[in-house]
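Given as structure tokens, the chain that follows is alone and in the form predicted alone.
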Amino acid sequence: MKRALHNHLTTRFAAAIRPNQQQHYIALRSFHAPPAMPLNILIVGAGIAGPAFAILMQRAVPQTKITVVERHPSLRVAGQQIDLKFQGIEIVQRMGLMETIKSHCVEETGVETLDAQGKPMALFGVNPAGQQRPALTSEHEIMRGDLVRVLYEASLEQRRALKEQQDEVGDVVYEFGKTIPELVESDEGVDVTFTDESRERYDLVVGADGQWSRTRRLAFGQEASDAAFHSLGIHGAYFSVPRIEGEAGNAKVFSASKRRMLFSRTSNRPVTQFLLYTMSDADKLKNSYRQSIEDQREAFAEAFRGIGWQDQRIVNGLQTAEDFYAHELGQIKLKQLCTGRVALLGDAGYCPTPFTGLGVTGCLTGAYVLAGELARHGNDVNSALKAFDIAVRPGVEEIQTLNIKLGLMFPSSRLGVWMLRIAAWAMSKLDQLTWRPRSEEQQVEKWELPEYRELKLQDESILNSQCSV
């Protein structure tokens, strides 16, 4: 019975993989290495992917020694509102963290498209979990910092629970204000030099350090790392300002000529987030990233002066907000997510951009599959990484799919902006008239997560200890 179930799952999942990879993937899945010495793993980055992988790997193989280094001096809990969708929801449910995450979700009730005077012109409601409709707001919206904190604390709480239950347990240690300027691979492992000049050898290094990953650059080389970045031609700035009376509930989107767009999001929080995007002034904005934060603020202020709605508030916020951040938007596309004994997770290996809304899902999916393959292959890290690269590829391709030509969202003329607003109005009316909750048979078909019983996610004793985080 067990063998029949294994063959059924293998065949079903292999059908989702590109034909030239199926035979290789099935061969890798059939390999089960015997238990051996526990791995010593380094994770670079304490954002979402890093702690999620630490939780899953520690659950599967409690003897694993895991060190997480983070370049910031403390847990970085800044960031904008993010959403949890599709496979990401399934993973956190299996991890036993869904109710905790729900308790931190923000109360955003939909998104309004504004006219030239800043008055609502179209309204889109909340996109229910696991369903697809034209909406910015998903059922599970959470601040990035809150999700990071939940995962970080869950990893430490799980470590405590495991040590109470078992005699031989490894560890999960976080070291802040520290990163890696050098790594050297060999057949025995990866020799890592840290910024404090200490050195350590690891069986595996996991780069979870974001779109501009230093780990990717060190392991794959500067040229390959640079070539992996595929620009969307869009530049974005993010910051928060104090909310004003009457701001709550719906997010707002405002388009303007000269290929500019802005979002505001308040929900039930004491501040309003502004997200500014433009496809103009590309050279000036790109050059500003090499300069000071003050120069970046001024470059975006200049680009958005005269936008019309909330003009002065935006310019003032750009100049004073403490959480200001700006960057060029793009996708990270690599032929392989692993080289030697270094693997990449999340934005470091396959950044999808905020316009897909699937960055968190990508982080969790990669962490889940990497931990599953490592647990399945025991100490055979090389075979585990090959299996991971193949198994996660359909999910990576899915989250990076852009269902709309982004240039259409950034008209250059006032007439183009007017036409965009009319199109949004028509779509909202059609959505209100025709949208119905989908039955299970009508759900949008998504890549299915592979099953890894080796992750021990059915262990209720550990799950219960984490649910209190």
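Residues carry their position along the shown sequence, with the first being 1. Everything quoted here is computed from the prediction, not taken from an experiment.
From this point on, the text means the form predicted together with a small molecule, which you will not see here.
Heavy atoms within 4.5 Å of the small molecule in the predicted complex belong, among the stretches 84 to 92, 379 to 387, 281 to 289, 177 to 185, to residues of 177 to 185.
Proximity to the small molecule in the predicted complex, taken as a non-hydrogen atom within 4.5 angstroms, holds for one residue of Gln331, Gln80, Gln296, Thr339, which is Gln80.
Only one of the listed residues (Ile399, Ala391, Val360, Ile234) places a non-hydrogen atom within 4.5 angstroms of the small molecule in the predicted complex, and that residue is Val360. None of the heavy atoms of Ile66 is located within 4.5 Å of the small molecule in the predicted complex.
Heavy atoms of Tyr202 never reach within 4.5 Å of the small molecule in the predicted complex, leaving it off the interface. Using a 4.5 angstroms threshold between heavy atoms, Phe263 stays clear of the small molecule in the predicted complex.
Interface residue remark: Gly170 is not counted as part of the site for the small molecule in the predicted complex, having no heavy atom within 4.5 Å.
No residue of the trio Glu112, Glu141 and Ala251 has any heavy atom within 4.5 Å of the small molecule in the predicted complex.
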